[in-house]
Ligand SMILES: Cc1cc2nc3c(=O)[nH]c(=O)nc-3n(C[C@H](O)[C@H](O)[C@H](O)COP(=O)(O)O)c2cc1C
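Let's start with one chain on its own, the form predicted on its own, as structure tokens.
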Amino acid sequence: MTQTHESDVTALRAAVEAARAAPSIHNTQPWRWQISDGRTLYLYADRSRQLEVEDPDSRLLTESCGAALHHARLALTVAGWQFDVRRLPDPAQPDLLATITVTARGEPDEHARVLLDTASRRHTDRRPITNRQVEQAALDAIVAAVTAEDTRLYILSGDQVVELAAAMAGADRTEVAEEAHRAEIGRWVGGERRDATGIPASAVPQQAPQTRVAGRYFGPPGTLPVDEGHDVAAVYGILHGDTDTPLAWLRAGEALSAGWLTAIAQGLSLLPISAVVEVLPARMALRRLLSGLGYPYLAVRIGYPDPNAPAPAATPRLTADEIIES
């Protein structure tokens, strides 16, 4: 019988604490965790926080949980723990997305510490970025971080960004035309949030930013000030892979987390663009941009944020006790 150590349980709880900061679609935080034997952390999808209209196939829910899984992995690596990860380990339990089992103590990882330190500064900023060109070395670091998570990042040319903008506009028109979609947005976005989920008005721009790829519909304007800047220097890309399966979506979420935290470490901002994968025609348009050689999981915008503009207020988070089950 494997002996349970108090240090193991403490490490696993610390991993969940780190995972609380992970990004998720509309800040739904659609995950729950279990620590059952003192050495293994179980990650489950929480269907009660799934977007039923925007995300009926759980694509974005699974990607969100993948980001949380990556945050948890980072925390354990920073603390010097060795561990085994099993993704979608039980076909009979589709909500069980992953397990992490600690196996031994090793040496703390300084690179992981740098990335984890950026998690507290990570936020979704929908405002324009500066006109500073993205340095190639920084972009290479982001691409490498994504690739290490069994996902790829395809960088779009200028003409392809125009096609991405058209796909995004079409997806937004399709979704906004649906009353059920508008109602779902109303439940998760805007106002002063009464619980620790959703996007508060303080994170929603006061007016539509001047960006080459327009933002999605969020209902009434928020309270986040927007200047007259543009994003002509932004780099746009598509996270993609060889399959379009829950495992691939989970890995894409891990890749998003790795790429996003790497971007912050490089002084960059990263903005995920999800509406283009929520609507089938838009998703097919992205696949054509990939020349049919991969399946798109998410689009992203990368650029340098304005150092003089205050960051948006942090979005709320559920407590560890609210997402850990005995």
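In this text, all values refer to a predicted model and were calculated from it rather than measured experimentally. Residue numbers here begin at 1 and follow the sequence given.
Form predicted together with the named molecule: not shown, discussed below.
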*Counting only non-hydrogen atoms, which stretch in 56 to 64, 261 to 269, 33 to 41, 286 to 294 is within 4.5 Å of the named molecule in the predicted complex?*
56 to 64
*Would R73, T147 and A255 all count as contacting the named molecule in the predicted complex, using a 4.5 Å heavy atom cut-off?*
no
*Could you work out which of R87, R212, R193, R216 is the residue within 4.5 angstroms of the named molecule in the predicted complex, going by heavy atoms?*
R216
*Which residue among R132, H123, R113, R105 has a heavy atom within 4.5 angstroms of the named molecule in the predicted complex?*
H123
_in the predicted complex, is there a heavy atom of the named molecule that lies within 4.5 Å of any heavy atom of R317, even though the partner is absent here?_
yes
*Would L12 count as touching the named molecule in the predicted complex under a 4.5 Å heavy atom rule?*
no
*Is there any non-hydrogen atom of S274 lying within 4.5 Å of the named molecule in the predicted complex?*
yes
*the named molecule contact at I199 in the predicted complex, heavy atom, 4.5 Å*: yes
